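There is one chain below, alone, in structure tokens, taken in the form predicted on its own.
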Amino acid sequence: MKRGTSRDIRTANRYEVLRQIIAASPTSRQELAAATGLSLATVATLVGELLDLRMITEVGFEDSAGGRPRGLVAVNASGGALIGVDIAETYVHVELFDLALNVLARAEEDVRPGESLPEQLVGHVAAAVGSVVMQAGIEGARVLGVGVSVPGQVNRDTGIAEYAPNWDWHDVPLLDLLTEHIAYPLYLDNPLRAVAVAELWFGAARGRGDAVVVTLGTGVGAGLVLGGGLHRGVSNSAGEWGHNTIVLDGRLCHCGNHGCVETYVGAPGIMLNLRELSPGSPLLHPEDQTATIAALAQGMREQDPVALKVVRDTARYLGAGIADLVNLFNPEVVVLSSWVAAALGEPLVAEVREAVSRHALPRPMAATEIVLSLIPSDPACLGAATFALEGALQSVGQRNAKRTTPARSRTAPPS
């Protein structure tokens, strides 16, 4: 969100108050003021606005020590629905949430190899969005918005997917293409931001001032939480850690460079690690990333020496890359997220912790936890749904501003 205007600040404060209510329902205005750092008067005004929007509701009182009972508010779960879309290289996953961000419906579409044209992916998204709305049995008017997480560099203001190296996308007007098939308000962003927000709201980064959320899937990246908030960078491109060079003159990456982190620890890179170690291994499913990662996970449980060696070697690369993040950002926590991390689980995390400790400086390493994401649903969908919520609150602020702005003559210059 652009800073500077009172409307922007008010929208940001409204969003933060609602976030706290969702995270800690029921809660009092006094507790909200303490959690957000806003004055009690400001919180009371924002709570009144959210009550008017039917996003929250009064739920009674709690006794206070010797004082007047405090009124409690809670999120009105049935006050609207939000949809989160996770577009990935091998699947499109969609979840529909109530306003408390409980999952009400899920749908998934497989993306087959070579099926990377924007129109093909848009078709999958439209089908899955239609499916979750039908499953939930809700009226379309209750859908406040659809947040869409798409890999690569995204201009969230214009809705253009500027660069997605794994698909060779350049300046794809993805939001316009989606609008042709989906009637709800749409909000576009990158999975690094989506997953980081999910961890900030409900996961291991909650209550932390500084955190790094490492996504391990087909692609690789790092969502950044700095100073208690999401860090986007000047062009919404922060976190493209997967395209940092980890091996000089190493493997060719889809981005055109050599030796990127992603080529060693993303799902295709792990498959290559396995192929180089044991070309004929039954663990290797040459055309199926998901099956290969699942086979490695099963192999680790069975103490298969090839599986253990592949995961250990992958963790060495991953640990060296994460050590750079620890040294650079000095985070309280590094969270390993996305489907590869979930599949390989705690054995991978244990190997990564050991590898990071060998490469990171002792002082920042001593202050950093390295943990596996515990969010039970798809974190990219959850984070994308929060972008839809943010957009809905911003739209309300803009409508309210228009109602209070004096009408101008059509010929009058803008102020």
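All of these numbers come straight from a predicted model, not from anything done at the bench. Numbers for residues come from their place in the sequence shown, where the first is 1. Rigid core (definition): largest C-alpha set, two forms, superposition within 1.5 Å.
The discussion below concerns the form predicted in complex with another copy of the chain, not included here.
Visitor: Between the options L101, A238, A105, V92, which residue brings a heavy atom to within 4.5 Å of another copy of the chain in the model of the complex?
Guide: It is A238 that has a heavy atom within 4.5 Å of the partner.
Visitor: If the cut-off is 4.5 angstroms on heavy atoms, which of these, E162, D304, D176, E115, is the one near another copy of the chain in the model of the complex?
Guide: Comparing distances to another copy of the chain in the model of the complex, the residue within 4.5 Å is E162.
Visitor: Can S25 be called a contact residue for another copy of the chain in the model of the complex at 4.5 Å between heavy atoms?
Guide: No, S25 is distant from the partner.
Visitor: With the cut-off set at 4.5 Å between non-hydrogen atoms, does N13 touch another copy of the chain in the model of the complex?
Guide: Judged by the heavy-atom cut-off of 4.5 Å, N13 is in contact with another copy of the chain in the model of the complex.
Visitor: Would you classify D324 as touching another copy of the chain in the model of the complex, given a 4.5 Å non-hydrogen atom cut-off?
Guide: Close contact exists here: in the model of the complex, D324 approaches another copy of the chain to within 4.5 Å, heavy atoms only.
Visitor: Can any non-hydrogen atom of G228 be found within 4.5 angstroms of another copy of the chain in the model of the complex?
Guide: Residue-level check for G228: yes, a contact with another copy of the chain.
Visitor: Taking a heavy atom within 4.5 Å as contact, would all three of T5, A320 and F329 count as contacting another copy of the chain in the model of the complex?
Guide: Looking in the model of the complex, the three residues T5, A320 and F329 all sit within 4.5 Å of another copy of the chain (heavy atoms).
Visitor: With another copy of the chain left out here, work out from 163-171, 140-148, 93-101, 287-295 which stretch has heavy atoms within 4.5 Å of it in the model of the complex.
Guide: That would be 163-171.
Visitor: Quick one: name the residues from 363-377 with any non-hydrogen atom within 4.5 angstroms of another copy of the chain in the model of the complex.
Guide: Those in contact are R363, P364, A367.
Visitor: Superposed on the rigid core, does the Cα of V356 end up 2 angstroms or more away between the shown form and the other one?
Guide: The answer is no, as the C-alpha of V356 shifts between the shown form and the other one by less than 2 Å after core alignment.
Visitor: Superpose the two forms on their rigid core, then report whether the C-alpha of V371 is displaced by 2 angstroms or more between the shown form and the other one.
Guide: No, the C-alpha moves less than 2 Å.
Visitor: Using the form shown as baseline, tell whether R232 and T36 are closer or farther in Cα-Cα distance in the model of the complex, where the change reaches 3 Å or more.
Guide: They are farther apart; the C-alpha distance rises by 3 Å or more in the model of the complex.
Visitor: With a C-alpha distance change of 3 Å or more, do V234 and A35 lie closer or farther in the model of the complex?
Guide: Residues separate in the model of the complex, at least 3 Å farther apart.
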